[in-house]
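Single chain ahead, by itself, as structure tokens, in the form predicted alone.
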């Protein structure tokens, strides 16, 4: 695996690949890699001639400086895992490389209602920061395919919108890979590294809450299900629940009752000992 720390060196490595008209798959990450990330690498490898992974903890998408400062850094282990997974190129820039003019959101992206619901409501400007860094990375790498994990459901929809805004809809194919879970049902996440074993056990309540909603979807009102799921989390030491929402899986508009023609998804965000965890599950 080749490691590039500058945009220039990365683009130099991509020249012969582009000249041979070989395909490039891209997996953007913030490091602290786990099996979920590696599943994206393997998916890219199976469909492309070259897989590029980036590791960059993007400061503009954090609306909480403490959260940014505490984000796990396991770069030696990450490199080892990427090599084992067969990644071809790792792009490992620092903040100055990606933001030579300073850490600013210099451009506004028209994300419509997606920016103000769910994650957008609780993390102002988060998706503007996400779009800023992903646009930079896509412009640098110019991949044929972009691989994202379904755990970040709303972010996948935002980046789909970004690709349209960049007028790259036909040039970059977005591939969304199913969430990888522990045997307990806990979604694999870089933030799990901040939980001890007892907290990880409590964190499985998110999965249990989603399964509860799925089980009783056609038997109880959505308001009742959301309240019961909230109580389940609170009974497992979650100190704060940002949201538990049942939404249309296609557009993330909140729904109030079952409609057989609608695909539904439940999305959850909650705090466990100061660590904010998110998850989702398709319901029908």
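Everything numeric here is computed off the predicted structure, so don't read it as measured data. Positions refer to the first chain, counted from 1.
Another form, the form predicted together with a small molecule, is not on view; read the next lines as being about it.
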For the small molecule in the model of the complex, the stretch among 149 to 157, 79 to 87, 178 to 186, 202 to 210 with residues bearing a heavy atom within 4.5 Å is 149 to 157
Answer key, the small molecule contact in the model of the complex at 4.5 Å (heavy atoms) among 255, 217, 237, 30: the residue is 30
In the model of the complex, the residue from 111, 140, 133, 118 with a non-hydrogen atom within 4.5 Å of the small molecule is 133
Point to revise | Contact flag, residue 39 vs the small molecule in the model of the complex, heavy atom cut 4.5 Å | key: no
Fill in: in the model of the complex, residue 48 touching the small molecule (heavy atom, 4.5 Å)
no
